[in-house]
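Just the one chain here, laid out as structure tokens, in the form predicted alone.
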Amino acid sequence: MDADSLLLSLELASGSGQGLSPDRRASLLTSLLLVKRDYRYSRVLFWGRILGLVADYYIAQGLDEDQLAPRKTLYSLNCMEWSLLPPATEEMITQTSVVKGRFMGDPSHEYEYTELQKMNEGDKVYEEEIVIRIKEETRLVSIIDQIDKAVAIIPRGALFKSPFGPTHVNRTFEGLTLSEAKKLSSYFHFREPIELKNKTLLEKADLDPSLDFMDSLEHDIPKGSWSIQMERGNALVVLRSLLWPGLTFYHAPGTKNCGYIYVGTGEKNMDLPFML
């Protein structure tokens, strides 16, 4: 959700019971403006909150003029002091995939797991247990990146791609109509396309290259991983992810008000295919 309209956005997303205390709201309103000024971002998004056992991580993201350029991620424990996180790498994601359970809420906390590695000593081959330590900050980077790639959403038309390449906010976007807002095909993944590149020319024939340049939610696997609900007498559409419980997207049809927030434990619902 955009930090410039934070209070309205939190109100629209509050149907899922995901709110912030008045002092946290006041802190975020001030600190996110400073983050935008100090880091010289074009836009700042309040990404959400990852719940820890000791403390919670409040996450914000900074965007450049090109909306699909890699986003800079920051975290805070008190909504006032923000620390920049390094970009996620494939090595980080592979390394942290063995860590299960809740976050602690301490960035310096280290998870330990043992790995069996084959060792050669002359003609002898034997296995040795090696203890590998993973910092919670590394796991935080990995989980945020996975959630962004899987369930960050933008409505069709909110962004447009210029002929020169960069992607910008569409100033003429006035929201989806009520009938469009009820369809999964009206929402895109807020990231570089993956599935779109595999489509045939015939499938791309009906697409508008300036608007339909991202992957649609209707082809997500497993099917049924999204819940669409109308609230406030059809004045608000809410999408909830069943794959990453805690991700809520909201949009008021006919208006520019839209965004997403994640409030959860940072754990993926691996049992979803068996639940559908």
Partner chain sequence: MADPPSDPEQPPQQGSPPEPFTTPPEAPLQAEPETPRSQEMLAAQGWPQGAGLGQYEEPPGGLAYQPYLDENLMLEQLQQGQGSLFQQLESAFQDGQPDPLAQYHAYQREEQPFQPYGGAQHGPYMRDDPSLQFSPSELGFMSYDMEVSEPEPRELAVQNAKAYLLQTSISCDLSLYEHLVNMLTKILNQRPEDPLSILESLNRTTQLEWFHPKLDSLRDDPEMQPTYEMAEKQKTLFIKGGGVEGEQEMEEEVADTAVPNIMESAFYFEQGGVGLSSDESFRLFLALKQLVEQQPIHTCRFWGKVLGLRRSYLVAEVEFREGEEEVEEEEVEELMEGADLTTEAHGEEEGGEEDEEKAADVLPKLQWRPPPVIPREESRSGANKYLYFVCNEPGRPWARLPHVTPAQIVQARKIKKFLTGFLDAPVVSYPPFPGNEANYLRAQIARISAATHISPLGFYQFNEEEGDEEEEGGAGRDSFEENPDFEGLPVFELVDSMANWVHHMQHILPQGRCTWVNPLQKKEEEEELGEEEEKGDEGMEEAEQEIGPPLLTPLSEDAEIMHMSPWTARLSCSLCPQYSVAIVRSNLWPGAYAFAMGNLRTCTSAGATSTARTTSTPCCRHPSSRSTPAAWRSWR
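None of the values given here were measured: they were computed from a predicted structure. Numbering follows the first chain given and starts at 1.
One more form of this protein, predicted together with the partner chain, exists but is not displayed; see below.
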inquiry  = Can you pick out, from A69, A235, L33, I221, the residue that has a heavy atom within 4.5 Å of the partner chain in the model of the complex?
reply    = A235
ask   = Are all three residues S5, L45 and V98 in contact with the partner chain in the model of the complex, where contact means a non-hydrogen atom within 4.5 Å?
value = no
query = Taking the shortest heavy atom distance, is N170 within 4.5 Å of the partner chain in the model of the complex?
reply = yes
ask   = With a 4.5 Å heavy atom cut-off, would you call R133 a contact of the partner chain in the model of the complex?
value = no
ask   = Hey, in the model of the complex, is R49 touching the partner chain, heavy atoms inside 4.5 Å?
value = yes
query = Should F160 be classed as touching the partner chain in the model of the complex when contacts are defined as heavy atoms within 4.5 Å?
reply = yes
query = Based on heavy atom distances of at most 4.5 Å to the partner chain in the model of the complex, which listed stretch, 89-97, 109-117, 176-184, 140-148, is the contact stretch?
reply = 176-184
request  = Would you mind checking 52-76 for residues with a heavy atom within 4.5 Å of the partner chain in the model of the complex?
outcome  = G52, L53, V54, A55, D56
